[in-house]
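Coming up is one lone chain in structure tokens, specifically the form predicted on its own.
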């Protein structure tokens, strides 16, 4: 679909500088864009890339000058680019259908405009909202509830009683609702602690491929609205994740930890059990948070054990100097 710079500016409530009739038919990076592509540039250090690009239409912040381009002025070009992508390429609606190889219990509530792919299995008591797509080989356990406009990619597994809100996206291989890792040692063996809770996932949540979210032991594991979770993340039983937090790949969150709203957690972070990470915290990649630790609101932490960023950088700098200091000490001795 081809639109013009003026069309896009109107959609974004922005101003056009240059040719308002400049055509836009695709989105791209500055290096790979064609004349009809839309690109964006956020800062002066990337301005040369935009100047050299073949793209004629650019999303750029106020005050940035570009040669020979039609500029759509926006305060946050990257955000505007994401909105433009959603506008140019809305999610395609597929025709409602149930594949003949799917096994669907007669005791389900499925809206008329739902797609169920090949070899999916849907057990008793499942509820699926309108506009939802269930991919091939998905398994929906008894009593699961899925809201409207969700998309489960192939081979997603929802155990019994899992609840999804509206607009949830779950990528392939993810398992939601497995038993938590809970045992009590006694009489010479490990006794399994009850894992009879559930998982509740809010609206507009996206969960990456091969991630696991365990059910609560007695209550619920909860993921709030707007949370984004990367691939290969472990969310243990009874974990609570606040709205609009974001968690990068290979992070592990142990049982009963509470993560606030607007938290950013980098890749490969390890969070032990019963931790509290308050609103707005940023946790740097590969940080380690020991059992029961509380990270106060608004802090940026890094390292193992996690500590405020400025303290970590100071200690890390001294660590890098240890060989030199050691040599000096030996000479002094």
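Only a predicted model underlies this, so the values are computations on that prediction, with no experimental measurement involved. Here, rigid core means the biggest group of C-alpha atoms that superpose within 1.5 Å across both forms. Residue numbers count along the first chain shown, from 1.
A second form of this protein, the form predicted together with a further copy of the same chain, is not displayed here; the remarks below concern that form.
Not one of 166, 203 and 221 comes within 4.5 Å of a further copy of the same chain in the predicted complex, counting any heavy atom. When a further copy of the same chain is considered in the predicted complex, residue 109 lies well away from it, no heavy atom lying within 4.5 Å.
Interface residue remark: residue 314 is counted as part of the site for a further copy of the same chain in the predicted complex, having a heavy atom within 4.5 Å. Among residues of the shown chain, residue 118 is one whose heavy atoms approach a further copy of the same chain to within 4.5 Å in the predicted complex. Among residues of the shown chain, residue 113 is not one whose heavy atoms approach a further copy of the same chain to within 4.5 Å in the predicted complex. Residues of 60-84 that come within 4.5 Å of a further copy of the same chain in the predicted complex, judged by any heavy atom, are 78, 79, 81, 82, 83 in sequence order. Relative to the superposed core, residue 321 undergoes a Cα shift of 2 Å or more between this form and the one not shown.
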